[in-house]
Each structure stands twice: as structure tokens, then as C-alpha cells.
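Encoded as C-alpha cells, the following chain is the form predicted on its own, with no partner shown.
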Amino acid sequence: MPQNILQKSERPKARKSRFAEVWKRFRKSNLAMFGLIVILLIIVMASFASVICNYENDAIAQHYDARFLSPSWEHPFGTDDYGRDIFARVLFGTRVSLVVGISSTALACIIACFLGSIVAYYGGKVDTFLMRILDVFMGIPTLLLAIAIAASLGAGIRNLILALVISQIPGFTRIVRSAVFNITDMEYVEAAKAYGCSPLYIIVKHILPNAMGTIIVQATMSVAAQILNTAALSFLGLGQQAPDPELGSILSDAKEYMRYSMWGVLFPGLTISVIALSLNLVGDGLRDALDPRLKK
């Protein structure tokens, strides 16, 4: 009995030390830490956008006497052709982009983990059947597939998220499958099979936790890609609908007058670039921190 208690008390400590080791190695990368700080700052500002700005008055209401104003203390990013504050619209648009990018990637990751682990664990005909179906979708570029799905479903945030989820599943599943394949033949998996554990228990408790490093890195990179795809689809009119702001729709509205006032294109474009760059830097840092070959 004392031995069982001792073993249970040591488990959280072991998990904590593993996280501490990954965090220690992650902090060694200055670029990764810079990306993490920037993306956390953007998330905090987007989360408290309603506190910083007034949605109805600044981002939606039209003020024709304040059209095409240059950046100032009152309007840090200037105003658009309707006199709306670009800073407020970018702030609320960033919130939408982050929600769509994170939620679509999370849903696609869950589905891909299920499919990828199933085909890798069972192999044989199950692997052949499911992967050939996914190969058909892999032949279509991700953005083109998302455009086709969003156009068929209709414009709107829900349909946009669904389109991005479906377009991510094939590539995500193949990555999960390759990561799980390297684990299914491990000794602890064979021991669990010999002990009589169910396939679901083995996948959830033994296989997926050991493949999480690859999955987390891929998910981080995918969030950046989906934010770019969200902006592209909204730019084409398949995402957030006017007058509600989203980074892509702000760019779409501003392209008509960019020769007269560049602020409507400059600041949303820089915001998209900074978000994508920060997430990619974090993803690179996580990849290096979770790579067992780099452990000393």
C-alpha cells in the first residue's frame, strides 16, 4: 500500500519535470520567445477589444465627416471610406480570425487524431481504404478545397469554419498516421496488447500521448495557415459579412481606395503577417523543444 501511494505521488512530479524540460529548451530560442510574447499580446488585445474600443460606434457606425483620416491619437490606424475607425475594425477582426483559425484547427486535429490512429493501428485493408479516399482530397489544394466547400455551403462564419475543418483533415490525418506508425511497434504497446487492453485504451493512453509532440507542432503551424485562409476566403466574400469586420474583409473593402488612402490595406495586412509569423516562430520553437534528438 505505501508503495502504491509513493508511485502515485511521483507521477505528477514526473509530468511536471517533463514540461519543465520542454519549457527550458523552448526558452533557449529567442525567436520562439519573441513569437510567443507577440501572439499572446495579440490574443489579449483581441480578447479585450470590447474594453479598448466601442464596437457599435467605432467599428460599425458610419461617420461621413471623418472619411479617410490619417493615423492620429484619436484614430491610431486612420479611418476608412465610411469614417469607421480602422484600429477598432482590425482589433475586432483579429478576434474573429483567431477564433476561426484556432477552432477549425482544433476540430480538424481531433478528427485527424481519430482517423490517423485508427488506420495506423489496424493497418491492412482499413489503412488502404481510408487513405485512398483521403488521397483523392489530397490532390486538391487546401485553399481551393475550402473555397469550393464554402461556396457550396454559403457565406458565414459557421460555414467558413466547417470548410476549413474539412479541408485540413486529409493532410492532418496523414501526419498523425505517420507519427503513430512509429509507435505501434513499440514494446509498451505490445505489452498492453498482451495484457488484454482494448484498442481504444491503447490508442488513447499509450499511442497518442507519445505522438503529441508532432501533433502539437503541426497544429501550431496549421493555426497560422488557417488564419491566412480565413482572410483569403473573407476577401472573396465567403467569410464574415459586412458590416462586421474580419481582416480579409477589411482588405477587400479597402482595395477600392488604396491609391488614395493606404491605411485600410497597410494595417490589416501587417496584422495578418505578424500573426502568421509569430505562430510560425512558436511552431519552430516547439519543434526544436519536443525533438528527442536534441536532448542532451
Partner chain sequence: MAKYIVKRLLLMIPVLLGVSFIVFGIMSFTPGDPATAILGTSATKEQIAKLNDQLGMNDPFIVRYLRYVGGAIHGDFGTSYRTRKPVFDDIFARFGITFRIDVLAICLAVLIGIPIGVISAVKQYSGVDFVSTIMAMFFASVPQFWLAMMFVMIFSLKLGWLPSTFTGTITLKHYIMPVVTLAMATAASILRLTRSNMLETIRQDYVRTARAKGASERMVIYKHALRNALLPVITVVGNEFGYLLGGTVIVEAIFGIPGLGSLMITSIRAKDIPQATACILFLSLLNVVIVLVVDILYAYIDPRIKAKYMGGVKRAAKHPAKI
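Positions refer to the first chain, counted from 1. Not measured: the values here are computed from a predicted model.
Form predicted in complex with the partner chain: not shown, discussed below.
Per the 4.5 Å heavy atom criterion, the partner chain in the predicted complex is contacted by stretch 135-143, the sole one of 135-143, 109-117, 71-79, 212-220.
Contact annotation: of the candidates L270, V51, I37, A242, the single residue with a non-hydrogen atom within 4.5 angstroms of the partner chain in the predicted complex is L270.
Proximity of R95 to the partner chain in the predicted complex falls outside the 4.5 Å heavy atom cutoff. Under a 4.5 angstroms non-hydrogen atom cutoff, the partner chain in the predicted complex has I149 among its neighbouring residues. In the predicted complex, the partner chain stays beyond 4.5 Å of every heavy atom belonging to E187. The partner chain in the predicted complex comes within 4.5 Å of no heavy atom belonging to A192. Contacts to the partner chain in the predicted complex (heavy atom within 4.5 Å) from stretch 258-272: M258, R259, M262, V265, L266, G269, L270, I272.
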